[in-house]
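Next up is one chain by itself, shown in structure tokens, the form predicted on its own.
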């Protein structure tokens, strides 16, 4: 058996590799630091495999084009950073309402407004959950290494297709611009989920029917199945409705098709947690510093572990409580003024102390900063 291919890859390039592995065939985007290399990679690679790349006039047009491509049957993606993600929010709400699968890569930088285009941040974490108005449930994943970026982007596409919903992949500037030698997955090594197509006749078809798992089969436009695709609240055929008996089931579906199947979505990496009395909780590039800090403190004889959140939304409450069951304290480290820490406090029982470590000046959290914080806790 031949050795697997090993390549030196930048994080943003890894997004392209993972997306194409998952079946990406359409990308629309607008250049924005620090995500531009994702668009550049798609511009190079998609034409080689019969895919399409379009540079749009702005991020509003970009997400609109991605929605159109997905409804037409293609796996579709865009990439941006904070200001662009803000512009996409309204159309992301449309994608939630129309149950359109797509992937958005958000390589985070400092904000608000133009903020820090070339500096690192994790301050879009809450926006990935609460961006659009209204009731819906977001799915967001977050890798911490270049290899994980490939596999988490693949997972994002699988989740988008499985649940007929937008999925956000949260990177940050450090991860997007870091380079690492990785082993690429072989074709067929990772299972790929393709959207479920209808098997009924066109006359019987209902695009938003309530199925046992609450995810309706989705044909491509032009395949002979007619349905209305509107951002207005609609019935099972897509027609606008003001009837409460039709509105409530639609809203219930948007939430429970995800909440009731969280076990398929939640993913967490645990290191040295079996006997940990104190744990670091982190995500993205900060998780790398947390792992190194854990090794340093372990060598000094302290029972410390690390938990990396690979699924951010929906937040893994039960899994976190289970993993931290033996801990007396946790340190939540993140590159913002405190976003995930509030979710951790809500999820954990009150007898577990929750400590914060935040940095929001555009620089990284170092392993020694985590070690120094831990000294306060120990």
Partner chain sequence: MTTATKNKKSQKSSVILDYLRPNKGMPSVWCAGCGNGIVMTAIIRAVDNLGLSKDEVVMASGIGCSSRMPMYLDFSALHTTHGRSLAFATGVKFARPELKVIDITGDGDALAIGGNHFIHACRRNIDITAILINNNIYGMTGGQGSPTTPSGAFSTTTPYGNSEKHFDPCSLAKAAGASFVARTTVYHATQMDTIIQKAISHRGFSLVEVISNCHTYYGRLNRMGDAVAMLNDFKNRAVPLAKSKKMTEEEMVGKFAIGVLHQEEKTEFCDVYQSVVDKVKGGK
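Everything numeric here is computed off the predicted structure, so don't read it as measured data. Numbering follows the first chain given and starts at 1.
Another form, the form predicted together with the partner chain, is not on view; read the next lines as being about it.
query = From the list 256, 237, 179, 267, which entry has a heavy atom within 4.5 Å of the partner chain in the predicted bound form?
reply = Only one option qualifies, and that one is 237.
query = Which one, 183, 211, 72, 118, lies within 4.5 Å of the partner chain in the predicted bound form by heavy atoms?
reply = Looking at the other structure, the residue within range turns out to be 72.
key: residue 67, heavy atom within 4.5 angstroms of the partner chain in the predicted bound form   = Flag for residue 67 set to yes.
request  = Answer with yes or no whether residue 221 is in contact with the partner chain in the predicted bound form, where contact means some heavy atom within 4.5 Å.
outcome  = Yes.
ask   = Can any non-hydrogen atom of residue 348 be found within 4.5 angstroms of the partner chain in the predicted bound form?
value = No, residue 348 sits far enough from the partner chain in the predicted bound form that none of its heavy atoms falls within 4.5 Å.
query = With the partner left out of view, is residue 248 within 4.5 angstroms of the partner chain in the predicted bound form by any non-hydrogen atom?
reply = No, residue 248 sits far enough from the partner chain in the predicted bound form that none of its heavy atoms falls within 4.5 Å.
task = Would you point out which of 338 to 346, 53 to 61, 307 to 315, 320 to 328 contains residues with a non-hydrogen atom within 4.5 Å of the partner chain in the predicted bound form?
result = Looking at the other structure, the answer is 53 to 61.
ask   = If you look in the predicted bound form, which residues in 193 to 232 sit within 4.5 Å of the partner chain (heavy atoms)?
value = The stretch touches the partner through 221, 222, 224, 225, 226, 227, 228, 229, 230, 231, 232.
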